[in-house]
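A single chain comes next, written as structure tokens; it is the form predicted on its own.
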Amino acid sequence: MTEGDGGVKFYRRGDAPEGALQGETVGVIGYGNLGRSMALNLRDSGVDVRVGNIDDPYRAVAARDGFEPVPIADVAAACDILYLLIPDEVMDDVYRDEVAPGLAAGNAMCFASGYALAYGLVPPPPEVDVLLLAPRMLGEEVRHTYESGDGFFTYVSVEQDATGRAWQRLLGLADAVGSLRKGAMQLSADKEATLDLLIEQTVGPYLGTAIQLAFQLGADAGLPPEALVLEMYMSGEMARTFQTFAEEGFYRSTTWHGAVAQYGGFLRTLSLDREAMARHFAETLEDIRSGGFAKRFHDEKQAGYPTLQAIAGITSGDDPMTAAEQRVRDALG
């Protein structure tokens, strides 16, 4: 374990005690993209893994992968450590109906997101360890980086240490899934949830809106729609720009761009209404911290997800950007 200048703790290979999970059975709850990756990584690291999943196509995938998937309640009652890899919106129902009845003193529950803990959706009993192992990587990439030997970043924390072995268990899990190859940063569930929601609801909307507006403006100005989607993201140049943020640093990465790009980008940044943006970001953060957003999402669930249905209609693929993307794919194979 190393500690940065700001007191933030980082964990790497070697920080997990030898045999940290010896004698422990890990139950993976949910076999979606992330659940599948975690289960396979754990098994390949020699961990005794059981899979619990509802009777849906993902259970069939687990069977094809060589597991013997069973109902969630059966895994919850049989395993020492439960890694809950199901969506936040169903976590409270699954925990109440399937997981909680099977918990025993000395068990551990591990979450891949701090949301359910931060907003009180899951009230863990005092006699179980409560862990956070939150990957900063898409589900399928968790598997790919394990197989390549690179690993992936995670946020980790012990939210409740009932057994005195919570950190041993957590670091054992982080090591087995491949995270400690890259690194794990200690961050509480509350801060992980706040951070996740903040970036999703500030940077994400601004970036998405900028792409949509630039596409419409460019198309109206006579620029080919195919060129616009290539320029903004399909060529991979923008993705590579973000990658240089990680490799070189946010400001230092500007040296990868020519003088025209640097000058133009800096000039237009100065003309943005930064005060309005800052106010909007601050209001968003306060809404997240106060629980306002979580309450509205709960109300959305109770109403049958009308907003999500509207989103599905908007993103169905019947729009000029999607049409331009498809023409590029058809032309270039």
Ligand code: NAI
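It should be emphasised that the depicted structure is a prediction, and the values quoted were computed from it without experimental measurement. All residue numbers are counted from 1 along the displayed sequence.
The next section is about a form of this same protein that is not shown, the form predicted together with the ligand.
Picking from 206 to 214, 248 to 256, 231 to 239, 138 to 146 the stretch near the ligand in the model of the complex, with a 4.5 Å limit on heavy atoms, gives 138 to 146. Ile86 is the sole member of Val75, Ile86, Ile81, Leu131 with a non-hydrogen atom within 4.5 Å of the ligand in the model of the complex.
Proximity to the ligand in the model of the complex, defined as a heavy atom within 4.5 Å, holds among Ala193, Val156, Ala112, Leu180 only for Ala112. No residue in the set Asn107, Pro124 and Ala166 has a non-hydrogen atom no more than 4.5 Å from the ligand in the model of the complex.
Taking non-hydrogen atoms only, Phe67 never approaches the ligand to within 4.5 angstroms in the model of the complex. With a 4.5 Å cutoff on heavy atoms, Val90 counts as touching the ligand in the model of the complex. Although the partner is absent here, Tyr58 sits close enough that one of its heavy atoms falls within 4.5 Å of the ligand in the model of the complex. Contact check for Leu117: every heavy atom lies farther than 4.5 Å from the ligand in the model of the complex.
Contacts of stretch 30 to 62 with the ligand in the model of the complex, defined by any heavy atom lying within 4.5 Å, are made by Gly30, Tyr31, Gly32, Asn33, Leu34, Gly35, Asn53, Ile54, Asp56, Tyr58, listed in sequence order.
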